[in-house]
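One chain comes next, on its own, written as structure tokens: the form predicted alone.
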């Protein structure tokens, strides 16, 4: 006989997943914010999830509780703060529409009791922990009653019943009570028991209990940590940290508006970013989640539709990349020096024993033969003058001690940091001019840290962030890692797409590409538009076009018609402009060679061309060439500017210009040969977007010119920048005009000259190429085109960034991160690294923008491949 069928098993009470959602102080301080919490929790419940809500104290309450904890004998101040706390919570209760809140009233009574507690006189750390805990206990009590009364049945949990702190060896009493640790791991029994009680709970962040059943705190950012602990205990589907920003960013967005949202991070990277300065997440929250395999998401309370930052395990094939640059302020360095430490057994043991004795946790360490320097992080240590004095006194017995403070630790964070060092030359150069106290490269290959004076941090971080993007070490275009910038997220509406001439002429360009690629195409109308924009600056008396940018005859004729003179750096350039413009007066040509042979100077002078010298050698050895001639003098003002070291044309490491300490010798030689110095000139670099640069050069040259007797003109060079990346701000021509006019009003006796090149023609040119092949190697996708570095060498030579689009598929979603490469047999033949393009196919037309300057003119027949041809529209 067959047996009866077994009864169906009852569904497990823990079959439905848990979600832990945490809200900070600003998110629990107004009724509409609690309405938002209710909606978020209810949305999870609608998806059949169980919810644990973790909350902080009302904003500002922890600071008020701190004032009570520090009041000691000031009873009047203590009672004044107590009254404010009571009033704030009673007002919050009324705003939430609650008739009463018994749990909150009990905590207010506890506050009164703790103020009367004799332990207050000594500010005992155990007593402080009880005082601080009241903030979260009261806010969670209010929240439980509000949610329950507004359609979301919610049970109140005392976090201290479930989070038990375990003491760590060598922790001071301060750390044990005010910065405790909880060993949290998945606990199926706890999850099952909680599920049997209900579906929605609210509990406190920041607090736990020790083995003696005393209240302890989890340190700064303890509410994040509590969420991490509960997420691990429940083996939650995910933990959500709801805050007032959309997630973690590649830098502090309030300091760097162009900082990018970090869409995805692995646990270790996120922990490093949080540890090294990001305030949006406490690093302790990630440890238990990583061990339990629970993902964490940071979300914006005000804009819940944004994806935020997702943190989970790293993909095995993740490409090395700097994810963020952060700064920790308030860092203290302890420098310990003694000749006796060299190969001395036990020296470091004695040093660190002193730190242990004073309950101090060391962060960074740097050592040399006679010096050890360590840093103390204020977030993990009680660092005050008393502690430091006692430490220094102990250390003085074995070494010389120097305390350096306040400092800031500037940290680059990203997986595979060592493999990126070759891309960080620009970043390292920024630090080269600073007094760097300590450099530390982590053993886990996740960070590189520089400790500098604290006052430098705010100005330094934006510059370094921009350099990291420019060097492609921070791959901002990688949509799998980075989201929009803070500036873009803050915009009221999407920024309009900047329409370019090549967008308007797409069809015509595709027809040209069908005939032949690679080919440069120039828009004369775009050249004229730039020329007219410059000519509108009334302070400038003469504009010279720097011919080396692009000597195409049609461009020269267009600029001549717009009133431009010409600057040439070789006699071949002089011949080219005179060939294109036979009617051009020779005095409208300025010859500014560098290390040219004697013959070129002789040819230029014979033709009557204005000639510039930038060294003593021509006058020392060929003085008769310049007898009774008018000459211009190019000076090196001692500093270079520009987007790359190879375009900086000032300073001792640059070959251009006469050093200022040789000016008198040059003048003596000029007088000896009867040469008359009638112009001063300085050009310090290219790609400059700061209008104030030319004002400074103008003022310095004008001041120097007053020491000469025959100066007629001052030439402040070129280098007017053209923004290439989307986040770069265009040069403010109105500000440039005003700055030049200001200086000119002080020196009206001198004519002002400028010599732009790239500014006039860069945007006017594009390079059209055709896709030849596509390839994938691991996670790297390559798109090969028939134009290589023999046609456009700027990316290889200057690490220049050019916008690249698939013109055939313009407007289609750009979903694939690719490397755009050419056919030249060189690893450096990369036209664009880490670009997002639509799926490319053989035959597609690729357009490389801003190719009108230093493109065709620098081309070669390397590999015996013919470079791109040129066309004008």
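This is a predicted model, so every value here is computed, not measured. Residue numbers count along the first chain shown, from 1.
Omitted from view is the form predicted together with aspartic acid, to which the following refers.
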| property | result |
| --- | --- |
| Among the candidates 719, 222, 231, 765, the residue which, in the predicted complex, approaches aspartic acid to within 4.5 Å (heavy atoms) | 222 |
| Among the candidates 698, 520, 206, 545, the residue which, in the predicted complex, approaches aspartic acid to within 4.5 Å (heavy atoms) | 206 |
| One stretch from 55-63, 802-810, 817-825, 39-47 that, in the predicted complex, holds residues within 4.5 Å of aspartic acid by heavy atom | 55-63 |
| is_contact(residue 715, aspartic acid) in the predicted complex, heavy atom dist at most 4.5 Å | no |
| Interface membership of residue 567, aspartic acid in the predicted complex, 4.5 Å heavy atom rule | no |
| Aspartic acid contact at residue 136 in the predicted complex, heavy atom, 4.5 Å | yes |
